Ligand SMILES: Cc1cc2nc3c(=O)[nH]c(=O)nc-3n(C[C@H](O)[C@H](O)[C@H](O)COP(=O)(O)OP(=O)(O)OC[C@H]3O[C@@H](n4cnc5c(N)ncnc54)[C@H](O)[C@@H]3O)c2cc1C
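In structure tokens, the next block holds one chain alone, the form predicted on its own.
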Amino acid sequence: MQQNFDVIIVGAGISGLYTALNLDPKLRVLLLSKKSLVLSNSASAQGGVAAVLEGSADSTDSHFNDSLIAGGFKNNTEALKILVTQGPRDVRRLMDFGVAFDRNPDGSFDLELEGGHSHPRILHHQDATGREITAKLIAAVELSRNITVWENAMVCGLKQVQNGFSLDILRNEEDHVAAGCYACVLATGGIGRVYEHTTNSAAATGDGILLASGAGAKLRHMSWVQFHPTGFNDGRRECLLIPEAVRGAGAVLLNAERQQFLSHYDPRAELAPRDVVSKAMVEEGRRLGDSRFYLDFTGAEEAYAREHFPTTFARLAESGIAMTEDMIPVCPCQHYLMGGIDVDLNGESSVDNLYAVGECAHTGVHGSNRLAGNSMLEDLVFAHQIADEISRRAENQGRPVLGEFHFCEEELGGPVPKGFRTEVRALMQKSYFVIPDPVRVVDSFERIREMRSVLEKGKYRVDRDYMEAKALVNVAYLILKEVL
């Protein structure tokens, strides 16, 4: 029996939570969290949110121009204008929900300067801004009577039906249930697990992109993958991100010979955008025949580092690194996808009433490289755009009768063979990492195409392992196909 709602939101990071909270409270909303509500890419985000608030010496025009430069002038300027002009409204609304951005002793905001920005404009809560924002939004969702939350819920199927959509949802790794809605919002986050080294959480497997493409939605610029230059290089798959604000506070990058080198590649040096710094590191490693790099923050006071970067300070200390005394080993790692499900200015995909928001969406605001602090801003602004559009349509159209889709028996077949995800990560790391290798891209694409065929034609149990393997193989296929 299908349970029906007005809106189903797939994903419970900042973009999903904020969409739910801005919908008309008369609408029945189902919010799906792949794991628990507190486990998302958003919750682990250490950086802040970029916005130009009233009374600042900064300007939205400057924010707009910095975003254009960082994005290689490939940004959608209409969407970018919405981002920088509407962003301050939504940042203020976060404060209404109780989000506490750091302030100076005089009460002004403690704004940080990060790579690619011409002015300090990053609002933050220490170096755990994502955790602060998600905690306050979760608290507001829990108080909202119109929002139902299902945790540990993974969508295994999305089908169009009469007047809306039907979703096959695996709950608690055990039961498949069907739920219907008039409008569906995909807020499923990134694709980090397609690489061996990423700043993303284990949940970032590109699920929403698989669902959208299966429903016939248009995708765009899947090969626009951003690599962050300063992941803590301790050999782990999920890299601790050393925030750009650390470089903004005076830290410098050193090569294997413990020498500064970025100024030889770009006059902005440590404050160049992420793609520039990552490429410079790869080229410098090739020049020296040694890819070891270090972040030097030894010029800072320990008290300052503890106060401004407590999460980073503590995590490094756990690994035996004193943040202001030792060289911090770093390396580029996958961080963000600028492409994704192509959407219009209201967040709607090419499929009517199917929306996408956050990292899984391609709004065009970032161009080919995201400016620091603009991802959380995009989450907020376009979540608000989507909520306003869905609410407007619901008011004008009422509630039509929803059709149902009867999903096939999901327990037929055995478990998906092990190794698909491991092989995909190895192939992507070697062929399309920071600077693509044209020869390996061709070879990797052929192998991934074979894997994709096996997963699509084989009879496997539809569970989390199968869906994540299928999503990652699909994402890798789409990325490499675009660059061939």
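The numbering used is simple: start at 1 and walk along the sequence shown. What you see is a predicted model, and the numbers here were worked out from it, not measured in a lab.
One more form of this protein, predicted together with the named molecule, exists but is not displayed; see below.
- Of the candidate stretches 73-81, 366-374, 279-287, 295-303, only 366-374 contains residues with a heavy atom within 4.5 Å of the named molecule in the model of the complex.
- Under a 4.5 angstroms non-hydrogen atom cutoff, the named molecule in the model of the complex lacks residue 454 among its neighbouring residues.
- The shortest heavy atom separation between residue 69 and the named molecule in the model of the complex exceeds 4.5 Å.
- Shown alone here, residue 39 lies within 4.5 Å of the named molecule in the model of the complex, counting heavy atoms only.
- Although the partner is absent here, residue 472 is not a contact residue: none of its heavy atoms lies within 4.5 angstroms of the named molecule in the model of the complex.
- Note on the partner interface in the model of the complex: the residue among 101, 336, 232, 165 having a heavy atom within 4.5 angstroms of the named molecule is 336.
- In summary, among the residues 179, 141, 154, 316, the only one with a non-hydrogen atom within 4.5 Å of the named molecule in the model of the complex is 154.
- In this stretch, 231-258, the one residue having a heavy atom within 4.5 Å of the named molecule in the model of the complex is 241; the partner itself is omitted from this view.
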